[in-house]
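Read the single chain below, which is given as structure tokens and is the form predicted on its own.
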């Protein structure tokens, strides 16, 4: 069986390579279980000056978590060992560790960087995008919501751009990522190996990144910021869609394809989450995931997009107007003894 994580020590650097290239390096539960203790060990090792995380295959850093496996475990929540409980819990604990690491953590966001891949990169200290990076949080299209810390990192984008990215699943590249703060540096793809070797030689992370970083050019989203701020300022998703119908109907059409419930819970999530600490944001997201696991749209979205691939999800409710405030409130309700906690 192929190792899902390749681990090596090179000089002053510990390197983790996500090694599921045929699955676009999608994260599995076993990968979290191996990565978490490694990070804890390396943080305490004086000889390690930096931790580098990258993806195998050249096409993707990481396209997300293995949501198909989660969906195949079936709707509804079982006991404490139910994958739908354990996967998100252990993923979020790894993300929290990444965010709090004392050792410099460098994620090479080369290629597709979405969902869980964004979680294990953007929540770290240094995020290096390249000319092949493609970022998106497409969860509203599968009946979920942008999680993995997106409550915080999308809320910190300029103006209402994070809300735009969260609701539409819009794909962006390097210049937009740097402008949004989702990447800290842009480095041409063909210089990544040299960057890693320089780090291994003992040069500081800051000096190395300054040496290899380049200007990614103008950010296309920056030219759209005023329009996005205007259209996404609505107090409801219905108001946002109405504004887009007037000014950018192609974006309104995208929203009409998404899960209405996902749009409404994501809208609230982004409006309330910007000032949360990482632990608070992940605890909020964990609540939301668990309520999604007891609902219809996530399983229907995975079926339509990833299993049958008919791209024709049948959402319930099917219209924004049918998603009541009471229904939205339910996704934010406390979980009692099943709330997410962080060891130590």
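What you are looking at is a predicted structure, and each value in this text was computed from that prediction instead of being measured. Residue numbers count along the first chain shown, from 1.
Unshown form predicted together with a small molecule; subsequent notes refer to it.
Screening 153-161, 138-146, 102-110, 225-233 for residues having heavy atoms within 4.5 Å of the small molecule in the predicted bound form returns a single hit, 138-146. Contact check for residue 51: every heavy atom lies farther than 4.5 Å from the small molecule in the predicted bound form. Residue contact with the small molecule in the predicted bound form: residue 12 places no heavy atom within 4.5 Å of it.
Contact annotation for residue 24: at least one heavy atom lies within 4.5 Å of the small molecule in the predicted bound form. Contact check for residue 65: a non-hydrogen atom falls within 4.5 Å of the small molecule in the predicted bound form. Taking 278, 288, 35, 305 one by one, only a single residue has any non-hydrogen atom within 4.5 Å of the small molecule in the predicted bound form, and it is 305.
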